[in-house]
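Below are two forms of the same protein chain, given as structure tokens: structure 1, then structure 2.
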Structure 1
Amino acid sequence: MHHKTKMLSAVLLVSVMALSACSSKDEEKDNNASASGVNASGQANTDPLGKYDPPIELHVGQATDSTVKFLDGESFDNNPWHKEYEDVLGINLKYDWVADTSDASQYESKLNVTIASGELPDVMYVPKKQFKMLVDGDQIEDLTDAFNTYASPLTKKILMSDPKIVDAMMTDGKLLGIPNVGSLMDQADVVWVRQDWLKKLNLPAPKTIDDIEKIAEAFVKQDPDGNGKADTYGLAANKDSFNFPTAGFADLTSFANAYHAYPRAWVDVNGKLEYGSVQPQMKQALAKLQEMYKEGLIDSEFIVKDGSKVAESVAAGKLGLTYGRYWNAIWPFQDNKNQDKNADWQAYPIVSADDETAKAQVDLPLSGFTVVRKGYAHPEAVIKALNLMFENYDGDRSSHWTPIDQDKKYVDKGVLLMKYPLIYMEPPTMNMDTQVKLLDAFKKNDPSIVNDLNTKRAYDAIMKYRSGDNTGWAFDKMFGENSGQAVYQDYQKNDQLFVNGFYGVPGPVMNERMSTLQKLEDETFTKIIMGSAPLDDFDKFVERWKSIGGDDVTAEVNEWYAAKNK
């Protein structure tokens, strides 16, 4: 699969370059054209890292959070990245405002008032919702040409590695902002089990949904924590279990995936997109969940607990079975390890309820865009900044940049320079590459293989763990053998990802109806699982869903789908 993607991108790049001689600048709305709309050109005076002389100013609206630290005397206006932009690109960053993102809804309010006031900084990052506002209000620059002309080969390679993501980042065939692209694979759930409990109770590794049920039952009834009390839980679930994309811990979405049901996602059924939650497979998933709840294999109070409340049970050593992301090892499992040094968790691929391999459902990891306000004289400055960032961290300039980035004075104080650049992104395959490199380095006992920051961080932590320091345990479970990322390698090999079929901008019908439809869905599923409604209420739910707007939303989604596939 890895090879296939690489081939695909190579073919894409080559064909795109071949077309560049004859493609026009007019954008068409279909898939192929949008890929060729962003093409490489070879003009001589458009150096991807060309310096502005005289220097230009770039006003920034900056997001920050409590992990952003500065050495004494340094700040956003005064740090190695600020200097780098000035020295290399002749860009002088000025900060119009710095807003904290710790509380997402308050950050959103700050963005909303900024947009409403009409006084936008030259550059800022906005989540999808605000991006749409800016697009509707025609307040941002079209970056298509700037990207075509100035993006370096490395930038293009990283951003355009997945055609679906390329499609999702375009708006009407135009690139209106630099997308913040994450890793598709990192969105997938795995099955996490308390390995020490499995061993203690002599249970096999989970391979089918029945195994999951057996493990849940054993964890509830056979006192795995050995304290003589029936106080351990089975399968983890929380009040937002069917939200999609999920919060990434105690999810039930991937449980449903065992039945090839894809709640809240859109599935292609005979050429049209249908809503996953109202498909017959979902009923089977609910049936099993209802059964398990009745048997006490799911916490009877799960519905009032959010992720962090359920995490308490993990830290207290009462929960040993959950669906979640690869990073669950750092949170919440590390708290468990800190409390109990014998605790051990292991990641497994998600299981299926039949002979067909289950696919873990994921959403396209596009959380927002960096945008340039309309009227700014140098939109390509943002592209150059992006180029510089990639070159410094992942490209030819890394030998120059790494010593600065990893300077002892920063590392010792836990100051991360990667928080400072105008735009920061990681190659989508970074974690998977790290995992491969790590295993290689350990097998060959050759630390020199560890040659990038991400791998080094994991390597150092795992070495600590191996020498008895449990604070490095989480990294072993994220990147080592039998880790979350190791399971992702399997997913890659076996094509076990199901990507949400709809990744467009929500249209007016969806905006109007979706919240009501989801309320109905949440209430119905909750009642069925908890047993206060019979399983057959599912069918009534489907009828009602369709009649109060579900059919209309489906129609709107399919309009988008048809247009995309022409």
Structure 2
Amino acid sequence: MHHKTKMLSAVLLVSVMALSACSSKDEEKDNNASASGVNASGQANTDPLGKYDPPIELHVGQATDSTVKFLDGESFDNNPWHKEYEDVLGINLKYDWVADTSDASQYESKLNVTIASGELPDVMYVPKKQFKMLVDGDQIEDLTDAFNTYASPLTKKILMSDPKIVDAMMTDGKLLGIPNVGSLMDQADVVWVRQDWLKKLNLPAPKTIDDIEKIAEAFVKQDPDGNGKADTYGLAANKDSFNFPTAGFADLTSFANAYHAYPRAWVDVNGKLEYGSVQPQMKQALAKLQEMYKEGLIDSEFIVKDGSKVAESVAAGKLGLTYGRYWNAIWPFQDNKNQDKNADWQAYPIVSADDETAKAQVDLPLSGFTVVRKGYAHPEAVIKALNLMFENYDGDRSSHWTPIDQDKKYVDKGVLLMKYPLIYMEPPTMNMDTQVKLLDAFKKNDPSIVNDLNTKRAYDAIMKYRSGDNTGWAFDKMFGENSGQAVYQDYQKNDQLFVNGFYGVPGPVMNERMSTLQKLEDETFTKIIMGSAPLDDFDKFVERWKSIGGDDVTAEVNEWYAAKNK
């Protein structure tokens, strides 16, 4: 951890210790903070959930998407979370605008117009590109003091769980936005295999890249579905097979990881970051893929199929081998299970092409920041809202919130209340923690261990599956004893993650050049795999990549890297 990160971590650690050491007398302080943040005794009120009295208004630019649903009569202005902010914190949310993020370009256009006008809402979520615009324009509030003063011990514990998250929070030593971070581990691929097909064909579990090739060959040539037709596929692939980090199913990134190649990631080579897709290891991975494609072990039409189209082959029982994330169990494998009760998918660690252990490639899951308009009188209100979200879902208030969140009227309509908070993020270790709790609860036959919302959902589904209802099967494959999350536990124990070396805000050169460079990369790799270009075209690709902007992007990335490691 570099010097700047150490400094912030030390401040946060002191703050956690101080808050944790509060006496019972301190806890009895008046929680009714006035609009100026001062309590009745004239002292500053630093309660992480201190209520404003009189209430304050917080104007919001709200991001939404197609998954956000409301019951009849409810809206962003009228829902349980809106009421929670009013009742607990004395914060009255006012929505200046609501914009759909389903079309990223439209949302970015809305933000760009808002930023250019200078008429910002008090709070809004922005992707990394717009965050940099706001930082450069000095338009957002420094939240460092507000965070150190008002963030709860739980909030600090969660956000400090990974040094890179602390790193991502900082801009020139300041906290200028709350990062929307997720789990590193949940981005890792595993090898998913139809276990029932392995058993039928008397094949061993995959342990090497040669095993992957043999399984793919058997699934193509030995009629694993038993219908007497040559209609099953080998290794899954789709038209965006190296779309790291946004893929997650039928992706070939982790196939490349077997050769210690890291496409679309940045790799430390002798103290400098280099682009993984132009390293010699990538050529080795492409050579094997070209060989497998020629042998018919990869769908000849993969270039015209997206992930959803490949998922149709899974549901139809025509595909039994793919790289993907732990959540593939719920989509698309559950669809396969619904149609064939004997279908049984099993997760395995990714394999290596040599004696060196393969590392699953992941990216720091930082999509953007929640920022506060510069000059807003109550920047700490956003920190309090973050505290409340964590306390309701993961802390002492979960017993209050869970019955509301899981009310039948919402669950039956597929309404997710977690879509409504001003800020929502899941603890980076949430799903791994869920798996540990579940196994402990099952081992001890003690449901009381299941004491949070995420674990309860999984527990109830697995119990349903164990009682004969296959609709809960996916949760067993995500969180059970032999599950995707079980493989992740092994990854953590065995240090089997490769983290993308660049996790900063893209600079102007990257913003200008990277889409052209990635288009060249996609076209070249696809042609090599399909055999329409020779393997040695990889070397020509590397030269061209560097000459049309790759070297410039690399220089810009290393300016960031050098600054981070001071």
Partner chain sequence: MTKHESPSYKLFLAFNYALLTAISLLCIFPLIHVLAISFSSSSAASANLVKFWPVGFTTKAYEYVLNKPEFMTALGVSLKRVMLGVVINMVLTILTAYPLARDPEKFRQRNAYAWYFFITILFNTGLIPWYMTIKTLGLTDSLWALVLYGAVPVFNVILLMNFFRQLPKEIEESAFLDGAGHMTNMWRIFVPLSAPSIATLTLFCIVGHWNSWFDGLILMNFPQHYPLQSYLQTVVVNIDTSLKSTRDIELLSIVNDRTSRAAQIFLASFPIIAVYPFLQRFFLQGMTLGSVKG
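FYI, numbering is relative to structure 1, first residue = 1. None of the values given here were measured: they were computed from a predicted structure. What we label the rigid core is the largest C-alpha set whose atoms superpose within 1.5 Å from one form to the other.
Only structure 2 of the pair represents the form predicted on its own.
Superposition of the core reveals a Cα shift of less than 2 Å for residue 251 between structure 1 and structure 2. Put the two forms on the same core and the Cα of residue 111 is off by 2 Å or more between structure 1 and structure 2.
Annotation for residue 415: C-alpha shift of 2 angstroms or more between structure 1 and structure 2, rigid core superposed.
With both forms fitted on their core, the C-alpha atom of residue 73 sits 5.3 Å from where it sits in the other form; this compares the forms between structure 1 and structure 2. The two forms, fitted on their core, place the C-alpha of residue 61 3.7 Å apart, compared between structure 1 and structure 2.
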